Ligand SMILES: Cc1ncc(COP(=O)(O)O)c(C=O)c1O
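One chain comes next, on its own, written out as structure tokens in the form predicted on its own.
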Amino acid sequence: MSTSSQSPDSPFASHDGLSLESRVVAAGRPARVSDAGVNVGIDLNSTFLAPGSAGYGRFGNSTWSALEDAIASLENGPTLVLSSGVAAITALFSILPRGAVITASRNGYSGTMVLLRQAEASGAAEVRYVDVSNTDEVLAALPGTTLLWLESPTNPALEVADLPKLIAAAKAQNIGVGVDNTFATPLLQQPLELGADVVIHSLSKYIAGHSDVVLGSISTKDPALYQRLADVRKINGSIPGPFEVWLALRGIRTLGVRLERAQRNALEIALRLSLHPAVERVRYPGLPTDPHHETAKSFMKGFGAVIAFDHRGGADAADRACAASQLVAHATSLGGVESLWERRHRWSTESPTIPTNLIRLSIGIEDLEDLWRDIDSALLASLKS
């Protein structure tokens, strides 16, 4: 039995030549033999008989391998599935030498920002915080950097880094590059193909797509780096549950259609929000007026389905708006079939550079007009209170 999607005896076929939209459906399937199921099973085993390559449940199983194959097919790099997105980021940071210099966005996912601050406080790393959308600023910070950590678009400010230019510049200086690709998904950008060393996902978001699992992944084309990260997962025990992995594998099958519908909704809602009396500023790279539009358009295949906007009435009014919606759920996270929104500064770990009145809105696959009526009425109600 295969214990990783990259083992020579993996039962899961390559799908080179297929579009990404077809790969999400086809990759990570069992071998096509008579009377076989079309879906992989849930491998509920902690112990495997010897001799063999499986060894023990902490080392891998066939359900993990199927999802790893599917993601590897999308990101074009061998992949490991871990217990969460934060676990994947922690695994990468853990193999950096003590005193490493990390150049990273000053606005980013709050969990990542906590990890970076902890690394600074303990003396494990020096962190250089930059505006990743300011290419010159990032390039100026590169000399002496060990790892360039790029989150693009950023969470929740929706800033877009010029990934082709920044990755090329970093690799020219022999700097490691990691990219959090959660917002864009591999359907919209493939950082490994641009030269990045590592791509990380919170699979809880778009990949799984149904707000029902907590998982992460890490992909790399470097065999030695892959093995180091696999050893971290094995020894540290940041392993996923087979049932959760199976749910994510089922969810990935509809990624193409979910993302297509959600993006279409997002662009129209962003346009309408830009004209709304309760809205001070809309942040969405799909808008031609957005400062990051041209950068995103130059290499991304789409703009994603997350919008951020600043409420004109301030933080309290933003909270009232989120609490007033009926269809959009007032909840954290993103990338599910349902629309979600929240004022990000309700969390104490949010970056201090994020406005206190900013609402992050993850657009789902609901009917556009139903969504807009709910958003519009909630925003108008928040102005009257």
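None of these values were measured; they are calculated from a predicted model. The first residue of the sequence shown is number 1, and the count goes up from there.
Although it is not shown, the form predicted together with the named molecule is what the next lines describe.
> Where, among 230 to 238, 277 to 285, 294 to 302, 79 to 87, do residues come within 4.5 Å of the named molecule in the predicted complex by heavy atom distance?
Replying inline: Looking at the partner contacts, the answer comes out as 79 to 87.
>> Is the named molecule in the predicted complex close enough to Arg29, Asn61 and Asp69 that every residue in that trio has a heavy atom within 4.5 angstroms of it?
In response: No, none of the three is in contact.
> Heavy atom within 4.5 Å of the named molecule in the predicted complex: which of Phe93, Tyr226, Trp246, Tyr109?
Replying inline: Checked against the cut-off, the match is Tyr109.
> Given that the named molecule is left out here, which of Thr103, Ser202, Ser219, Thr185 has a heavy atom within 4.5 Å of it in the predicted complex?
Replying inline: Of the candidates Thr103, Ser202, Ser219, Thr185, Ser202 is the one lying within 4.5 Å of the named molecule in the predicted complex.
>> Since only the chain is shown here, I'm wondering whether Leu334 would be in contact with the named molecule in the predicted complex (any heavy atom pair within 4.5 Å).
In response: Heavy-atom contact with the named molecule at 4.5 Å: present for Leu334.
> With a 4.5 Å heavy atom cut-off, would you call Asn155 a contact of the named molecule in the predicted complex?
Replying inline: Although the named molecule is absent here, Asn155 would touch it in the predicted complex, with heavy atoms inside 4.5 Å.
>> Is Val214 near the named molecule? Define near as a heavy atom within 4.5 Å, in the predicted complex.
In response: Yes, Val214 sits close enough to the named molecule in the predicted complex that at least one of its heavy atoms falls within 4.5 Å.
>> Given that the named molecule is not shown alongside this chain, does Asp180 nevertheless sit within 4.5 Å of it in the predicted complex, heavy atom to heavy atom?
In response: So Asp180 counts as contacting the named molecule.
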